[in-house]
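Quick heads-up: it's one chain on its own, the form predicted on its own, in structure tokens.
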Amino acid sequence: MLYDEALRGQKETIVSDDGSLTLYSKEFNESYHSPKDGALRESLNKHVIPAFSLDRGKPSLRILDICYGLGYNTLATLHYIQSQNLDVKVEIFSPEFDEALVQSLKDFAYPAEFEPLRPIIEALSTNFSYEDEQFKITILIGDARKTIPQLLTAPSSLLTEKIDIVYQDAFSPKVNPLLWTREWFADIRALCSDDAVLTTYSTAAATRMGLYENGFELHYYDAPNTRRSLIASPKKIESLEWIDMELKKVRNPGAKSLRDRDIELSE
């Protein structure tokens, strides 16, 4: 793979602009969150709030959080549900290749908003899973390109119903292209319901093409105090700014999706 295991444990703490802490990965030469947008603010404004604002009123939701990292998206989801008194059951699946990082998070200095979630944080750090009457969380330790397709693999499939929400929040296409290719988005689409919502910070042409080529309609999303992001769904969302990808292709005929075959892999 492209990962440098020798640098995996080398991380530096960063105070982001909203005061919440994130880490800088020397392995990927990139921070886990945008320091400018703020770690907590980014999770809430780019992922959780837009996804739940487009909820179809389902009594239960299945969420795919790509990737777990510091756990902000998963924890922000639980915080939002509790703070808004939402009557919904949630099951979250989240791949993560850095097992030692997850184990260390029981001691991470999360924002005060996550303090009521401390027992959940400790359970996830220890067992990579948590379950109560409302929440069920499973961290899939390993390479996401291998663990995600296994969600639907019989007879031990973990996923009994299709995914409703995807947080596409891996390290950027520049440093982690394998989680942004056309083939990757094909795997994601196979897991999604026909009215699923995918949120991502990446608005790059290659990202848009990879999603569009797998049957996603694309929309821009503008949240307070964060940069423009993207929302994708198999169905066009009338309340959002729709992107006419056929017109984009005419105007930019050289635009193309990332492909697995174009990425040099090292074993």
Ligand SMILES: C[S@@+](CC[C@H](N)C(=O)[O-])C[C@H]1O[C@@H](n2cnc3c(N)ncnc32)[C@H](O)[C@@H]1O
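In this text, residue numbers run from 1 along the sequence as written. These numbers were taken from a predicted model, which means no experiment stands behind them.
Not on display, but discussed next: the form predicted together with the ligand.
When the ligand is considered in the predicted bound form, F93 lies well away from it, no heavy atom lying within 4.5 Å. Taking non-hydrogen atoms only, R41 never approaches the ligand to within 4.5 angstroms in the predicted bound form. For the chain shown alone, H33 is a contact residue for the ligand in the predicted bound form, at least one non-hydrogen atom being within 4.5 angstroms. Using a 4.5 Å cutoff between non-hydrogen atoms, Y212 does not count as a contact of the ligand in the predicted bound form. Shown here without its partner, the chain carries F216, Y220 and S233, none of which come within 4.5 Å of the ligand in the predicted bound form through any heavy atom. Put simply, of L159, A170, I120, L78 only one has a heavy atom within 4.5 Å of the ligand in the predicted bound form, and it is A170. Checked against the ligand in the predicted bound form, the residues L240, C67, L61, I49 give one hit for a heavy atom within 4.5 Å, which is C67. Stretch 94-102 is the contacting one of 94-102, 192-200, 79-87, 123-131, since its residues have non-hydrogen atoms within 4.5 Å of the ligand in the predicted bound form. Contacts between 108-133 and the ligand, taken as any heavy atom within 4.5 Å in the predicted bound form, involve no residue at all.
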